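Form predicted on its own, single chain, as structure tokens, below.
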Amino acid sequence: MFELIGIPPQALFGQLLLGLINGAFYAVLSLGLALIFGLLNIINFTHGAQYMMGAFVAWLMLRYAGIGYWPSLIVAPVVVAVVGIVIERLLLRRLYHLDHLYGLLLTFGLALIIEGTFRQIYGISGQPYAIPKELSGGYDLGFMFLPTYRAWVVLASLAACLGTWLLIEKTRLGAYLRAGTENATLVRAFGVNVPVMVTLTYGFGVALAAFAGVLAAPIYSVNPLMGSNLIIVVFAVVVIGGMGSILGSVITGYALGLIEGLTKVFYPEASSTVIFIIMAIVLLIKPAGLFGRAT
């Protein structure tokens, strides 16, 4: 079949694997964005910088403290989440009842400040981060070679996405979070501290971005621009899936990663724009997104 379309199977499955890897990062990052927007009503443009911070925290821990990859998967998201909580308490809390544009402008400015600070300290050259020994090597599947670390990234992202969806949709805490965005006064009547709940929600969304940054560190070079190169695509994923839709962000992230990989095989020139073309088509047909609800 592959000979009929003139494409070697190794090339096709290789690009599908790359697309799946990209989709894994799209899914985790867009999940954090959708969570923050859906529950806090803030368009968090700082998300790309927080993704970069997660990778840098893991790299700094390894370089200066000798703390390896596995502890970094937990410690780096917690560190970046604490920074996010400080931002939410000092700045974002003042914007919840204002137009979305104010939150977007503030978080965009914060992203520029964070990226500029890291660029001033570390420059724009990438810092290498070694793959842990337990995940080195790969598997020869006959039609392609599957690196162990890339398989781990897909599985880890799936676990993070599934765990977050279950937390939001199937637990009492998730019900309080969703109810708090609709009627905070009623939720307070049940004894729930809504401001603390909102703060922790923002911290959790930021932690997802940092978790994706740690996963990305051994694949991509750790540099201050790694978030800005990705955040526009992730925003497109969120818009296509539906702003605030948890499930929509996850499904759309993986699907668009695969579509992007296939485009690199059949029409490489369009691979960098195919997601935005899909976004334009979806907005024309269903402005709320594939899984979003019209307001």
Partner chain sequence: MRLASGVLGAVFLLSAGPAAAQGISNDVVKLGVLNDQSGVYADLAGQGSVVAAQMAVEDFGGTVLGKTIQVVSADHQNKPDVGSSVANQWIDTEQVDAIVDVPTSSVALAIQEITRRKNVAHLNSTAATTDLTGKACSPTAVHYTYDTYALANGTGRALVQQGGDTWFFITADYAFGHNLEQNTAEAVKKAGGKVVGAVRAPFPNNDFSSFLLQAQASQAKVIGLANAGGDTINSIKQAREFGITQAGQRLAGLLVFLSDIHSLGLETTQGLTLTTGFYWDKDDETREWSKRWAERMNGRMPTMVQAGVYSVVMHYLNAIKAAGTDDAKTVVAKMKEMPINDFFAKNARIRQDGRMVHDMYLVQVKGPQESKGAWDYYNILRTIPGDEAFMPMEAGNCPLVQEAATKNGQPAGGAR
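Residue numbers count along the first chain shown, from 1. This structure is a prediction, so every number in the text was calculated from the model and none was measured.
A second form of this protein, the form predicted in complex with the partner chain, is not displayed here; the remarks below concern that form.
K.L.:
Looking in the predicted complex, any heavy atom of residue 174 within 4.5 Å of the partner chain?
P.N.:
Answer no; every heavy atom of residue 174 is more than 4.5 Å from the partner chain in the predicted complex.
K.L.:
Classify residue 128 as contacting or not contacting the partner chain in the predicted complex by the rule of any non-hydrogen atom within 4.5 angstroms, answering yes or no.
P.N.:
Contact check for residue 128: yes, within 4.5 Å of the partner chain in the predicted complex.
K.L.:
I'd like to check something about residue 119: if you look in the predicted complex, is any of its heavy atoms closer than or equal to 4.5 Å to a heavy atom of the partner chain?
P.N.:
Yes, contact at 4.5 Å.
K.L.:
Does the partner chain get within 4.5 angstroms of any non-hydrogen atom of residue 251 in the predicted complex?
P.N.:
Because no heavy atom of residue 251 falls inside 4.5 Å of the partner chain in the predicted complex, the answer is no.
K.L.:
Of 67, 265, 259, 247, which residue is found within 4.5 angstroms of the partner chain in the predicted complex when only non-hydrogen atoms are counted?
P.N.:
Filtering the options by heavy-atom distance leaves 265.
K.L.:
Of the listed stretches (158 to 166, 145 to 153, 78 to 86, 205 to 213), which one has a non-hydrogen atom within 4.5 Å of the partner chain in the predicted complex?
P.N.:
Contact criterion met by 145 to 153 only.
K.L.:
Check each residue of 225 to 243 against the partner chain in the predicted complex and list those with a heavy atom within 4.5 Å, in sequence order.
P.N.:
If the 4.5 Å heavy-atom criterion is applied to the partner chain in the predicted complex, 225 to 243 yields 226, 229.
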